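One protein chain, two forms: both are listed below as structure tokens, the first as structure 1 and the second as structure 2.
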Structure 1
Amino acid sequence: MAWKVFLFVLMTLVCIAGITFPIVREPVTWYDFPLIPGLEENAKIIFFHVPTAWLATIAFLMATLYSIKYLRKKDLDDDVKAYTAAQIGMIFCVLATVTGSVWAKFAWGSFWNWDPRETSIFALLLIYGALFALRSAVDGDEKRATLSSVYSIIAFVTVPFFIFIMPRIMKGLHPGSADDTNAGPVVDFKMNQNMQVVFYLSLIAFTILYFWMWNVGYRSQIIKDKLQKQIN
């Protein structure tokens, strides 16, 4: 229970700081954030956009690890864990897309520009969306688990390329692109110490939130499976 209170307090602090703390050219107080060329007020989105993209990666990695574990031990419990991680990964991937689109509207004038990073996250949504389509089309727990595990492993091979490599080797509008000489890579902003503290607290808060969601989702799936077996 104590960690839930800690999570609530942490998320509240991040939201308040991330939304209300001002961005100024020359910070003079502890709550001032520095003006980052090319981002200006839009820089505040990093407290929410970057963590969601980060957790999508973590969730897809966990889905892959449990998929490998299932193929080794054939324990359906590992398949449930992998499936739950993939579900939450999709949620955070959608959130990263939405927050990125909101930022794009203010920074570039439209919600979608087919920038390399936007294109890459769209591709991930399609790839992992196909995973759920596959699971719903296959009958039999073991067959479904085996096919989805193999697909999950293959799908994750694309994640590092689409998230970390492609957006940085291609020219684009997003900070961190190959031709970006202004804001620089996403995490290597010229952030002052206060901004860095809020940023890393946000990463910690969202990471705790993810593992809580994953645990709740996993237990819910177990209960759902037991109820279905009793009905059948």
Structure 2
Amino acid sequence: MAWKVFLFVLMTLVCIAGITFPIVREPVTWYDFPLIPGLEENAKIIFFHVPTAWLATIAFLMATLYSIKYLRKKDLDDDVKAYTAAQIGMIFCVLATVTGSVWAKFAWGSFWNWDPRETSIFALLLIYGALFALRSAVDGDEKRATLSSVYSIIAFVTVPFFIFIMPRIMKGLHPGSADDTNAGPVVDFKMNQNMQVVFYLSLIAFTILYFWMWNVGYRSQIIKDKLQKQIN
């Protein structure tokens, strides 16, 4: 119970701070955010866009870890955990795409530019979609669990190419791309102290929210499967 209250307080804090704190040219008081050239008022969406993209990746990692665990132990509960992680990951992946697309419209002029990071989030969406398509095509619990586990592991080994290699060898608009003159992500050099605090609080809050959703999700799914078996 205590951590639910903690999450509520944290989430409220992040929402209020992220939306209402003013962006000014010369920060004076503790709640003033600095003006980042090129981002201006758009900078605030970073508190919501980055955590969703981060969670989309974390969810995929969890799905892969539980897939490996399933292949080792052959416990169907692990498959349910991987599946639930992928379901929630899909939601956050869509959210990250939408928030990023809106941000791109105002910062770079169009909704979609095929920047390397946009390409990789698109590939992540496709992987999630393919995973669900595969699951719906296979009959039989164990076969479905094995095939989707194998597929999510194979898809996961391509992730380093998207996250670490593509953005660095291709030209892009996100910070940290091959032709970026600033060198390094926005977080390190452009945000001031209070902005960083809100940013990391937001990351923590969203991560806790994700684990809570995942926990409720897989437990209800396991109960549902059990009831289904009793009825049949």
Partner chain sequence: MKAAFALLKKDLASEVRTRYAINSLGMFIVVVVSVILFSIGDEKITDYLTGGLFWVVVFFTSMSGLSRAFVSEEERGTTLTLQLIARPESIYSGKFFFNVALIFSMNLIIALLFSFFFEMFIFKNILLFVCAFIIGNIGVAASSTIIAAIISKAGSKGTLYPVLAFPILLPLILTLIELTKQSMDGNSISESSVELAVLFCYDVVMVASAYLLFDFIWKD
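Counting starts at 1 and follows the sequence of structure 1. Whichever C-alpha set is largest while still superposing within 1.5 Å between the two forms counts as the rigid core. No experiment lies behind these values; they were computed from the predicted model shown.
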task: When you get a sec, tell me if the form predicted on its own is 1 or 2.
output: 1
- request: Examine V159 after superposing the rigid core and state whether its CA is displaced by 2 Å or more between the two structures.
  value: yes
